[in-house]
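The data below hold one chain only, encoded as structure tokens and taken in the form predicted alone.
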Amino acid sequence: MDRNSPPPPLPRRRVTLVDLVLIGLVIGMIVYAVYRVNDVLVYHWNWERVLSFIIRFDEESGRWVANLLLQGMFTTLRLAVWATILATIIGVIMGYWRRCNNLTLRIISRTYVELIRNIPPIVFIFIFYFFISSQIFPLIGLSSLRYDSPYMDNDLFRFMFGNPRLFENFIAGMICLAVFEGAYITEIVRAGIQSIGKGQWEAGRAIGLSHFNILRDIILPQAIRKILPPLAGQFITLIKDSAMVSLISIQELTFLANEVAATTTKVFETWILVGAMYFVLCYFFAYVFAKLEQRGARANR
């Protein structure tokens, strides 16, 4: 087959009897759950009250604006993006330290990975928020920022970080997620570097390259191709893990969903809707990353 020719089409998948049985079981479980809610719990569904918390009409501006649930979804996205960037920086540094020749750096990175991976995330979040951030943030002046200053009270800052008055909470949640997810990205980076054969290092030394130049020009370009797919999956995981920071009053989607459920008393509608919003977010990014991965695979051929 010619190198430039398109790949052969994938075989079409046929619906089998097992597929039909499984689909029927899923539909039956949904129908049974609805029956139990309606007849046993005597629950009265009212989707209109919950849907109004997605978007509302602002009479002052005369246009539709995001309401609590949509604002929470935007905060979740901001947390995921910034935490992924910070976690990637941590993961790349720690991942390299896991494979370097310096014993002290290997001990530090190994301790970091084992400590984070073997502590429940909720416990880690509480420890960081109540014992670490409460001591560090005042020292670096984060608690004394003027939220009404033109540097913070503007549209660009709100788009990137949300409400300026909640900036300190946002940073605390972002660092919590980044440090926690950074341990897993560390292992992804370590595995990516380790997957490159020793012959690549030896070839670089043979032509007189330094250790840093070998890593930058030979090892990392090859390792990145193997790192990016699991890193994209880690971003999707972080979107779901961001719900944990609602426990420290970070006003993301799960936190605001609790307020909506308490205000409307429509628990089922609220959490079904929030679950659907999380699903749409994660499925959208999974689809985008899959397409980018396919395009990268075709480019590499």
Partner chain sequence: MNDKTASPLKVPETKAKDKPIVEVSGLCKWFGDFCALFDINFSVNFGEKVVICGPSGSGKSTLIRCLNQLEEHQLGTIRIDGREVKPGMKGIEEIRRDVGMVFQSFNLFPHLSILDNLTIGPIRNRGMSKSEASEMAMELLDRVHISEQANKYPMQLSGGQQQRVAIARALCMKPKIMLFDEPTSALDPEMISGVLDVMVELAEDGMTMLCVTHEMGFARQVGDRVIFMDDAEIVETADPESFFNNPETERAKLFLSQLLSH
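Residue numbers count along the first chain shown, from 1. Quick caveat, the model's predicted, so the values are computed rather than measured.
Below, we turn to the form predicted together with its partner chain, even though it does not appear here.
You can rule out all but one of 86-94, 118-126, 212-220, 101-109: in the predicted complex, only 212-220 has residues with a heavy atom within 4.5 Å of its partner chain. The closest non-hydrogen atom of G141 lies beyond 4.5 Å of its partner chain in the predicted complex. Although the partner is absent here, A191 lies well away from its partner chain in the predicted complex, with no heavy atom inside 4.5 Å. Proximity of G208 to its partner chain in the predicted complex falls within the 4.5 Å heavy atom cutoff.
In the predicted complex, its partner chain lies within 4.5 Å of some heavy atom of G199. Contact with its partner chain in the predicted complex, judged by any heavy atom within 4.5 Å, is made by just one of M152, I171, I136, A203: A203.
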